[in-house]
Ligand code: IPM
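In structure tokens, the next block holds one chain alone, the form predicted alone.
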């Protein structure tokens, strides 16, 4: 295939994706569902350790609903780097079939082979799942009460650079090209979700983050579409910033507390939310929600930490991030009381336990026991 044919195929695939998005189902009403299946996925590296903690906590917290059959915690096997390489599939077809039988996913971190590694060039499992399940909104909250910071980020999840990051072309030895995509429906549905959140939480101000002065077609379209949606919410204050100055604003005492709801394209959202989580106390302290129509996936925002495994200190991994994701999942299920109960226990754990992740302090087992004792 020539690079011209390769690019034409990318365009055709994206046009087909747009048509599929137009037919996406509405979100389920969990309050009315007779049975909710929560798929739990260990992932790689420290994933099995932190997911074991999360499962124990959910089994205790939701014991009554699990006993009655209303909620099922279902283990999904096979989304490991070893199995993915063995089958040479980013998400093996049999694993994806089992995932699609669930209503919600609570997922541990998965390893993505990097350039220069001795592993095959497989796409990120997260990117594939977001695309296959059409999880268009990545929602990440960050709160730092002592600095009057209460942020929530709405990161576009299925487009931008990540959607086509493994489909670039090497024209020759001298030049390589990657691609970026922005669609009307993809951006509009994300913006509307963010503005609805802002309206439902006291008309909080909304900030759109792009590099529209440089990426005029893609980021320019993203910014323009967000501002079009903003017209339907005249009571909400809206502004926009370029991503580079936004990165500086988040660490500015003058600006940081002014922001509330933020809308970002995929790549910028990934970088900015990691920065924000670090300000909160590290990426191990933050959870993440991936929301679509039919499905939703909740996960830790950190990676699989292979160095901790290699150094033999994986037992010191902090389950806080995956447990924060579980709080978001419970709220998505309209289970506000269990969510608040778990969140309080996690806040207490953060105040009491010492979990630097360097082989000292408390272990994941200590964390689990501490939280369970407060449930």
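Positions refer to the first chain, counted from 1. Everything numeric here is computed off the predicted structure, so don't read it as measured data.
Below, we refer to the form predicted together with the ligand, which is not included among the displayed structures.
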property: Proximity of residue 83 to the ligand in the predicted complex, heavy atoms at 4.5 Å; result: no
property: Any non-hydrogen atom of residue 89 within 4.5 angstroms of the ligand in the predicted complex; result: no
property: Touches the ligand in the predicted complex: residue 270 (any heavy atom, 4.5 Å); result: yes
property: In the predicted complex, residue 126 touching the ligand (heavy atom, 4.5 Å); result: yes
property: Segment assignment from 257-265, 212-220, 93-101, 294-302: heavy atom within 4.5 Å of the ligand in the predicted complex; result: 294-302
property: Non-hydrogen atom within 4.5 angstroms of the ligand in the predicted complex for each of 131, 154 and 189; result: no
property: Members of 140-168 lying within 4.5 angstroms of the ligand, judged by heavy atom, in the predicted complex; result: 140, 155, 162
